[in-house]
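Next up: a single chain in structure tokens, the form predicted alone.
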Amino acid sequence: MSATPDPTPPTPDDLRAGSRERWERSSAAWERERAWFQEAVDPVSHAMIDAIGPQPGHVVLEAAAGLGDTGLLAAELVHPGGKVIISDGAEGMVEAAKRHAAERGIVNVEVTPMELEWLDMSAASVDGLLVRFGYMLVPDPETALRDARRVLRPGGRIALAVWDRPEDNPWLTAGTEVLVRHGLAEPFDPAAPEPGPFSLPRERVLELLGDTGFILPEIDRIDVRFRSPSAREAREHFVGLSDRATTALKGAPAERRAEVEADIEAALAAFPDPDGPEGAVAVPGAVLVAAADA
């Protein structure tokens, strides 16, 4: 009896198309959850800004920006005479970022669609480049970083952030492990063909920066906490931001879904918030922030 042949692996273009579809589908959820997510990762955004050192007159690009929270922090620092460009490959994210910038009344900002792997910018046209949680999700991070090096002026700086190891990020893995136990999702696999949140470990980030022409790379770890008043609300945040979880639960019968949701809440309740009221949770995460000179 012949073995069943392995399915044809997805091409990079297949992966890009799937990623674009997911981000377009989830852009509304990310806009709803923006404040909760940004509260947790605000130290990451500030560390990235400190790493590139924006000055008045600088042009700063935030690519794969989502709603642009990190780039918008630089807007005041590059005034007068400078500007911040917020870009993302998903139209839904671009429109959400435009609304966010308008709500904050920031005028020295331009929001535009742009792919992280092929930046639609002239060579040596920006002083600083920010990419928070982007390079780990593209099929070809080396190409993306080479293009980053191209658009940075000599002496310009890049700052990027990726998630550290799965075991350091239960805010994302605890709920996913419940889905895996229920047969509703596959476990995270950093070696899988499809890029994911844990695709770029520390040593690979440093290797990529060196291979793509950046110099004096440095990397730091920042611990974060995702706080919610209850495990139920933590579960709602997790499912809201995870397209994988939303898709897995969508087709489940109501009784099965209730069981899975209860198990996710139990997993998240294992991280009580010592500074919060009874029942509050603070689920840990860990981020690597890397910076280098062009």
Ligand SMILES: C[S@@+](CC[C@H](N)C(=O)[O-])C[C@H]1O[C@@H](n2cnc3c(N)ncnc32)[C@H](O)[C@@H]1O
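Computed from a predicted structure; not experimentally measured. Numbering starts at 1 and runs along the sequence shown.
Below, we turn to the form predicted in complex with this ligand, even though it does not appear here.
Proximity to this ligand in the model of the complex, defined as a heavy atom within 4.5 Å, singles out one entry of V78, A90, V178, L145, which is A90. With the partner omitted here, the residue from E95, E194, D164, E115 that has a non-hydrogen atom within 4.5 angstroms of this ligand in the model of the complex is E115.
P54 falls outside the set of residues with a heavy atom inside 4.5 Å of this ligand in the model of the complex. Taking the partner from elsewhere, V260 is found to have every heavy atom lying beyond 4.5 Å of this ligand in the model of the complex. Residue contact check for L184: none of its heavy atoms lie within 4.5 Å of this ligand in the model of the complex. Using a 4.5 angstroms limit between non-hydrogen atoms, I106 is distant from this ligand in the model of the complex. Comment: 135 to 143 is the region of 216 to 224, 135 to 143, 121 to 129, 95 to 103 lying near this ligand in the model of the complex, near meaning a non-hydrogen atom within 4.5 Å.
The partner is not shown here, but in the model of the complex the stretch 35 to 73 reaches within 4.5 angstroms of this ligand through a heavy atom at F37, E62, A64, A65, G66.
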